[in-house]
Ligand code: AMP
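We begin with a single chain expressed as structure tokens, specifically the form predicted alone.
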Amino acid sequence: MKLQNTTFKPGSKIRLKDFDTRTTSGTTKEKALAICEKNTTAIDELSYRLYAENTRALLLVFQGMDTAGKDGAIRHVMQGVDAQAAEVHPFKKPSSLELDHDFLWRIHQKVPARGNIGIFNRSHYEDVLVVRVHNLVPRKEWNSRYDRINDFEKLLTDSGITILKFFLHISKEEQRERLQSRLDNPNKRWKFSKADVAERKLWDDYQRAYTDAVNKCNTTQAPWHIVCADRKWHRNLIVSSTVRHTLEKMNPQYPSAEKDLEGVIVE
């Protein structure tokens, strides 16, 4: 089975509207669920080895429009990972303390330690997305941040952190259906805000901002993965397969045991 090609060469230009957000990668939901189950088992084992090895780390960055499925993808992919080996950090509106520092200050504090998997639910890219769309800082400032983000990510990769960046790409119609579903379900209505309607009116502005972010910050050391995510099972298939493949490529190893343990009896 040939999965969706999610990456593109650094320096090439992409247009988000060229991606079919409802693609299935030529497979079925049933087959995808079976593969996802195997991926979950493999990720659990590989993440435990990464934790034991304690020399490198993995950082997963999730971005996407409201309702794109960041929470769902994280829950699915990380469901089998030991809690001590992984940590999720949601980056919401910065606090007054965070605003008193450079925009990467709060991000750097949440970078995963050696042996761990860090998950960013939204990230430093908010500072070239919502900040840009809502004109929260001058154009000259947010426009300079692309290079600073690239330098920051290179610093992390040079320090032994592998970075996977996922843009969960959904259509405007799919977002409408998901927002309406939240309204129609009393148990999910708490997730809906009137601000979601206002943000939706800025759809085209966000698409332009995301297009620039994935083009300008798509580097060899930290490439973007554009995941067509109208179908949740396809989203989970692509993300879990990418994480599994990356961990297999990293191939973490258990450290050597202490010497002279043969014959030791615990009484």
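When you see a residue number, it is the position in the sequence shown, counting from 1. Given the structure is predicted, the values throughout are model-derived calculations rather than measurements.
Missing here is the form predicted together with adenosine monophosphate (AMP); even so, the following discussion is about that form.
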Which of 156-164, 73-81, 121-129, 173-181 lines the interface with adenosine monophosphate (AMP) in the model of the complex (heavy atom within 4.5 Å): 121-129
In the model of the complex, the residue from R148, R106, H89, R114 with a non-hydrogen atom within 4.5 Å of adenosine monophosphate (AMP) is R106
One residue of K93, H101, R189, R139 in contact with adenosine monophosphate (AMP), assessed in the model of the complex (non-hydrogen atom, 4.5 angstroms): K93
